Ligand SMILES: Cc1cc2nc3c(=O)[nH]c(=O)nc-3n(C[C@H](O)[C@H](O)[C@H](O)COP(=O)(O)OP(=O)(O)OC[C@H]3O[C@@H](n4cnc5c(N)ncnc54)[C@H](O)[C@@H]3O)c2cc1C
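Below, in structure tokens: the form predicted alone, a single chain.
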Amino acid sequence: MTAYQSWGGYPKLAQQARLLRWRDAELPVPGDGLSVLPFGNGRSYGDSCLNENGVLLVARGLDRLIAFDPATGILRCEAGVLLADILRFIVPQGWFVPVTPGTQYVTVGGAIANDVHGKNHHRAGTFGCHVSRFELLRSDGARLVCSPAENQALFGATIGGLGLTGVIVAAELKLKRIASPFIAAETIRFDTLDQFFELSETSDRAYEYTVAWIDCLSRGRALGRGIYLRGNHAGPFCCAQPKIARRKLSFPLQLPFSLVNGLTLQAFNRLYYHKQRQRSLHANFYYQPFFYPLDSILGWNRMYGSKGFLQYQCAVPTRHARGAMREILERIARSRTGSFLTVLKLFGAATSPGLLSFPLPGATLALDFPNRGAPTFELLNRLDEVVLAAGGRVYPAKDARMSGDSFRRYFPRWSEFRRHIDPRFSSSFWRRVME
């Protein structure tokens, strides 16, 4: 058995692994009936990328760029290519990925399977909105080209389908033209949750990228205070060429206990909120620190200790967003637990082709909780109550504990999706929510 884990480090499961190296090779499906599941770079947080007592098909070996047209921005690549590899190649040529999550260390296959979103969802939708086609390899040896015009049903099931419909071996993406590698940004300190919503309503009309950091421990009048970040791609002459990137920091080892606790969270949140003395600051950011601040610390997940952590990301519809987010933040603050990086953003109305795509028009909140066992799970169950009552949902790619009843209520098209699952594919997440 091989110790492949999700980024959250929970749960820790025993599973076999087989490496994929050539996109034209047959799938190494075991003959003993064990189920299989694609595994990219392990940046999913829960058990959607795990397959207890089964086999992981590790796709990082499918790491080749196939073709790129610098005139149209059409890129074809294998599914194990990291977004970091793509950016290193295309940014100097004046292109950028159309949608990126908070880390560049995800594979293209993983970005499709989780239908990732980013700071520009209100403008660009999800990653799946920009996928022209992909090649899907099924356990029976069938190779299917899926697109909005060919094998459409399987195309929609695979985008956001958590790797359950087969292995994506290659994909074609539509990139975004940029004039420079910089982002012209503004950070704004705000004092209340209502101010966040007011900033978002105006910012989403004028800025391509918007997101806010929230002090998850603030209460009373300060509930929901934070720092708002908004920006657009800068023009061609805004800045000098970026300096050579400094050596990344690294969290050296995993401790038996978590460094994230009430005392460290309170101190960090207070300092981070007050570090910006001015109400508003303008700056030009190189794209990496703007989009991927946590990527500058390798292995940052180790700070949560050997028990790992659980990330919780929910979305609630616009009509209930203010009330639901206020109640969720109050419950988190009362628990005196949470994360250093608590992210709040408004999703737009763009519709993804994915059957199980997570975003919906409204507000989304994401944060990490140290795994303290029963108290942590009880808190997340209490947050689920608010999300369900508001008609919202929780992101499967970041989940390790939602109930099957909750999943089916969050994603009512689950039964339609199930018809497209490859019969030899399964995951710990899927078995858990289908019990």
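Remember, predicted model here, so these are calculated numbers, not experimental data. So that there is no doubt, residue numbering starts at 1 and follows the sequence shown.
Not on display, but discussed next: the form predicted in complex with the named molecule.
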| item | value |
| --- | --- |
| Contact flag, residue 393 vs the named molecule in the predicted bound form, heavy atom cut 4.5 Å | no |
| The named molecule contact at residue 187 in the predicted bound form, heavy atom, 4.5 Å | no |
| Exercise: residue 96 in contact with the named molecule in the predicted bound form, heavy atom 4.5 Å | no |
| Residue contact check: residue 37 to the named molecule in the predicted bound form, 4.5 Å heavy atom | yes |
| Region of this chain that lies against the named molecule in the predicted bound form, out of 319-327, 160-168, 174-182, 190-198 [heavy atom, 4.5 Å] | 160-168 |
| 285, 207, 300, 213 - the one with a heavy atom within 4.5 Å of the named molecule in the predicted bound form | 300 |
| Listed residue that, although the named molecule is not shown, lies within 4.5 Å of it in the predicted bound form (heavy atoms), from 335, 103, 218, 139 | 103 |
| Within 4.5 Å of the named molecule in the predicted bound form: residues from 6-28 (heavy atom criterion) | 7 |
